[in-house]
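In the block that follows, a single chain appears as structure tokens, in the form predicted on its own.
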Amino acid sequence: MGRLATPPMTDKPIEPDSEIKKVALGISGGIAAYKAAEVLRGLQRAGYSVRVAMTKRACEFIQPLTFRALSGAHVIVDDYAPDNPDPIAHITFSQTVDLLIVAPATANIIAKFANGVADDFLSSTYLACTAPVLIAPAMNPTMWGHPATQRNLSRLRTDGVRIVEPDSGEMACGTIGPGRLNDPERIVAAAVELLAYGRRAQDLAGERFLITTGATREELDPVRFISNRSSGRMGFAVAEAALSRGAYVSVVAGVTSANSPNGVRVARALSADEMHEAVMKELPEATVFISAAAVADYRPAQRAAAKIKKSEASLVLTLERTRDILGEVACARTNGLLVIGFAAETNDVLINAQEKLREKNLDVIVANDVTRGDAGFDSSENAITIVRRDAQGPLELPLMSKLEAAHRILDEIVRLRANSSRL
């Protein structure tokens, strides 16, 4: 999963909406519990009101008094405790907030959430919560990789829970591997993003997305190939965003260095021909096709059966065109299929994108300048321009996380569907 962009942590509030959002911060019992104080302060800097709930085991690592001092509100550990001012706190606490965050989320609390166990205040709060849920797991690498934990995480993703994947590094126990709590700033960034887009939840329910991503490889011989620098991050970000908004998502991926999002069906295709075959097989079920893959335009006319030896001063290759997957999909569209393409350009970005939009008869094309050092290939951020066939003027967007850019692209799909329903 691609990393989320981190907003600057300043004392100036970041207001995603005009009204102050309310966030419930749950803390479960792990050594990373002390980092929850940084998460709380980051949420406050982002302009949110924060209430805190802790498990009893979390209190063994850091005291509730710390969070009461920072939040200015009672910290709930046990709703049956004599000092609890609200006897039905798990209901009022969870159903009056805009977001529930659990950081750190231990293997134990993840298992409870996934299986509907409600034997303490935090797990009861989760079951009663009507707001979006964001968790940031933290645990020993062996526990993180255990099939039971991964099965529980998969179930939570299916239930719509957003997960900030843990970092890799040295743990408190001395083990090195994945499982360390992600940076508090990144957890806050995920919260900001989720609160900003929470109102869009399930607005793509019923849509079936087919997305291509990554690079293809066209072989010269058994050792060498022609390819490009695509990481697959942008296509996977679109897949993650579409899944979070209720769509069914299938991805045809070439070679990628980014991780595919959980809950998305991924088919691998190494060459342009393999990607063409996979796309055409999946296309009849799709309602939206997004071509984010960097498909090679040319391939060697002949592939050598053995490694080409360095025997001459120069080597001349004859190349031939590969299949135009995007063009063929656009020509074969039926039943209201929406077709969106990408234009990764190095010059005349907008002009080239507009020409591609017209030539291939696309609904939308997403253009970006891949020569920028802060965006494009293998970057967690992108600066895109969305060109619409049915609208005047391109929509130029500033530098933002690829996941946020993906949501802006999906907003265009929602708009196109709304416009078509009025016709």
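If you're wondering where the values come from, they're calculated on a predicted model, not measured in any experiment. One rule holds for the numbers: they count along the sequence shown, beginning at 1.
Below: the form predicted together with a small molecule, not depicted.
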| property | result |
| --- | --- |
| Contact flag, R57 vs the small molecule in the predicted bound form, heavy atom cut 4.5 Å | no |
| Y126, heavy atom within 4.5 angstroms of the small molecule in the predicted bound form | no |
| N262, heavy atom within 4.5 angstroms of the small molecule in the predicted bound form | no |
| A293, heavy atom within 4.5 angstroms of the small molecule in the predicted bound form | yes |
| Full three-residue contact with the small molecule in the predicted bound form, heavy atom 4.5 Å, for F113, L153 and R162 | no |
| Sole residue of P132, G341, P184, P166 within 4.5 Å of the small molecule in the predicted bound form, by heavy atom | G341 |
| Contact assignment for the small molecule in the predicted bound form, among N140, T322, Q95, T287, heavy atom within 4.5 Å | T322 |
| Segment that reaches the small molecule in the predicted bound form - one of 175-183, 295-303, 247-255, 311-319, heavy atoms within 4.5 Å | 295-303 |
